[in-house]
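Before any questions on how it binds or moves, here is one chain, the form predicted alone, in C-alpha cells.
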C-alpha cells in the first residue's frame, strides 16, 4: 500500500462519539416525545442554518481525523518503510496550501513579502517577491487586480453551479418549486434556511479554491505557512476540546447535581463540600499543575509514542480529561438548585406517595425536566472550552506546540500586533473561524433548549 492508515486515540474517540450520536438519533426517532421535540427543532430556520454551519465544521474535523503515513521510496532489497510524519485526508486535499510555504509574513492576496529586505547586488531594501503567491503573473504585475477579479468570479460561478445542481436535485426529489428554497422570510421554512446557508458556504468554498490556487487567501504567518491552511487544521482541535471535555464533565455534573438536590442530607453536604473546594482553587493554576504533571509523565516515557503525532495526541487527550474534571462544578451547582425546586412539585411528591424509588424518580421525573438546562449548559461549556484553549495556550499549558489550534495561532500572532505596520491577518482568521463555530453552536443550543423545555409554550 502507498499509505499506512493510522488511528490516534482522539480519532477513535471522535468516531465513537459520531457513532453514538447517530445511534441516539435512530433511537429518538422511535420515541414519540423526542421525535416531536426534534421536529420542532427541524422546523426552526435559525436552528437548521446553524446546524448546516456546524455540519461543515464537523466534516472538516472528520477529514482531519483520517490519519495515515506515506510510503517512503523503496530501497533495493529493503522492506517497505513509511514516513514518520503523520498526515490526514485534509492534508492531502490541502496539499498545495500545506507545501507552498513562503519565507515569512505576507499579507492576504499579496505578491510580495510583508517586510523589506536587503536584496542581492543592491544597497536598497525592497519587498521581495513571494515564491508562490502570484508567481503565475510573472514579472508583470499590471494584471494583478484583473487576475484577482477573474478568480473571484470563477469561484462564485463554481459555487453557484454546485448549489444549483444540488437545489435542482432536492426540488425534483421533494416535488417543490425552486423559489421555495429561497423563501426565508416570515412565510419561509427550515429547508430554505438550510439552502441559503449552504449557498453561502459553497460560494465561500468556491472563492477559496479559485483564489487560493494562485494566492495566499489569508496571507502567511511568521514561518511562511498559509494561514487558511492553519485555520482549517485548527477546527479539529477545537471540536475535540469542546466535545470530549464536555463528555467527560457532563455525566459527573448531572449525577452529582441531581443527587445533591434530591437526596439531600449528608450526600448534599459532601457534594457541596467537594465542588466548593474545587471552585476555591484558581482554575488556571489547577489546570496548569495537572497539565505539567501529565507532561512530565509523557516526557519520562518516550517509548510509549512511535511518532510525534501520537505524543501530541496524548497531551491533547490529557488536556481534555483535566479540563473535564475541573469544569463540572458550575453545572452541578446549577442542576442542584433546579432539583431542589423540582422535588417539591406535585408530580414528584405524588410519585413518592405511590412508593416509586428514588432512582426511578430521578430518572423519569427529575432528569427530563432538567434536559433543557443540561443541553444549554453543554453547548455553552463547549463554546467556553473552545475559547479557553486560547487562554491556556497563552500561559503555555495548552495543547502541544506541534498541534495546530486556534490558541496557538492567537498566541503566535499576539506579539505581532505591536509591529509597525501591524500583522493582523492571523488573529483575524482565527477569530473568524472561532466566532462562526461558537455562534452556530449557541444558536442551535437555543433552539434545542426551547424545544425540550417542558415549560416552553412551543
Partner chain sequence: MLAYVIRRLLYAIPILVGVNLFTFALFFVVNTPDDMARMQLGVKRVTPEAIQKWKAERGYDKPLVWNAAASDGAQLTETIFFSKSVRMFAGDFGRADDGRDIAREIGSRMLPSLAIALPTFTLGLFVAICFALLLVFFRATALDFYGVVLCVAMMSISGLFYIIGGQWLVSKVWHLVPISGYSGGLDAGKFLILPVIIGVFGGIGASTRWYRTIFLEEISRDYVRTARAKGLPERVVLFRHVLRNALIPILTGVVVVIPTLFMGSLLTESFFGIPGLGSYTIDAINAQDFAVVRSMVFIGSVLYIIGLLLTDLSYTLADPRVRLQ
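Model, not experiment: these values are computed from the prediction. Residue numbers count along the first chain shown, from 1. Between two forms, the rigid core is defined as the largest C-alpha subset superposing within 1.5 Å.
Not pictured, yet referred to below: the form predicted in complex with the partner chain.
K.L.:
Please run the contact check for residue 419 against the partner chain in the predicted complex: heavy atoms, 4.5 angstroms, yes or no?
P.N.:
Yes - in the predicted complex, heavy atoms of residue 419 and the partner chain come within 4.5 Å of each other.
K.L.:
Hey, in the predicted complex, is residue 17 touching the partner chain, heavy atoms inside 4.5 Å?
P.N.:
Because no heavy atom of residue 17 falls inside 4.5 Å of the partner chain in the predicted complex, the answer is no.
K.L.:
Even though the partner isn't displayed, in the predicted complex is residue 175 close enough to the partner chain, meaning a heavy atom within 4.5 Å?
P.N.:
Looking in the predicted complex, residue contacts with the partner chain do not include residue 175, since no heavy atom lies within 4.5 Å.
K.L.:
Taking the shortest heavy atom distance, is residue 448 within 4.5 Å of the partner chain in the predicted complex?
P.N.:
No, residue 448 is distant from the partner.
K.L.:
With the partner absent here, would 282, 410 and 434 each sit within 4.5 Å of the partner chain in the predicted complex, counting heavy atoms only?
P.N.:
Yes, the whole candidate spot contacts the partner chain.
K.L.:
Of 71, 200, 286, 152, which one comes within 4.5 Å of the partner chain in the predicted complex, counting heavy atoms only?
P.N.:
Exactly one listed residue reaches within 4.5 Å, namely 286.
K.L.:
142, 359, 293, 80: which sits within 4.5 Å of the partner chain in the predicted complex by any heavy atom?
P.N.:
Of the candidates 142, 359, 293, 80, 293 is the one lying within 4.5 Å of the partner chain in the predicted complex.
K.L.:
Quick one: find which of 192-200, 94-102, 219-227, 383-391 has residues within 4.5 Å of the partner chain in the predicted complex by heavy atom distance.
P.N.:
Careful reading of the contacts points to 383-391.
K.L.:
For 260-279: residues with a non-hydrogen atom within 4.5 angstroms of the partner chain in the predicted complex?
P.N.:
If the 4.5 Å heavy-atom criterion is applied to the partner chain in the predicted complex, 260-279 yields 273, 276, 277, 278, 279.
K.L.:
Establish whether a shift of 2 Å or more occurs at the C-alpha of residue 231 between the shown form and the other one, with the two forms superposed on the rigid core.
P.N.:
No, its C-alpha moves less than 2 Å.
K.L.:
Establish whether a shift of 2 Å or more occurs at the C-alpha of residue 325 between the shown form and the other one, with the two forms superposed on the rigid core.
P.N.:
After core superposition, the displacement of the residue 325 C-alpha between the shown form and the other one stays below 2 Å, so no.
K.L.:
Can a Cα shift of no less than 2 Å be assigned to residue 272 between the shown form and the other one, given superposition on the rigid core?
P.N.:
Yes.
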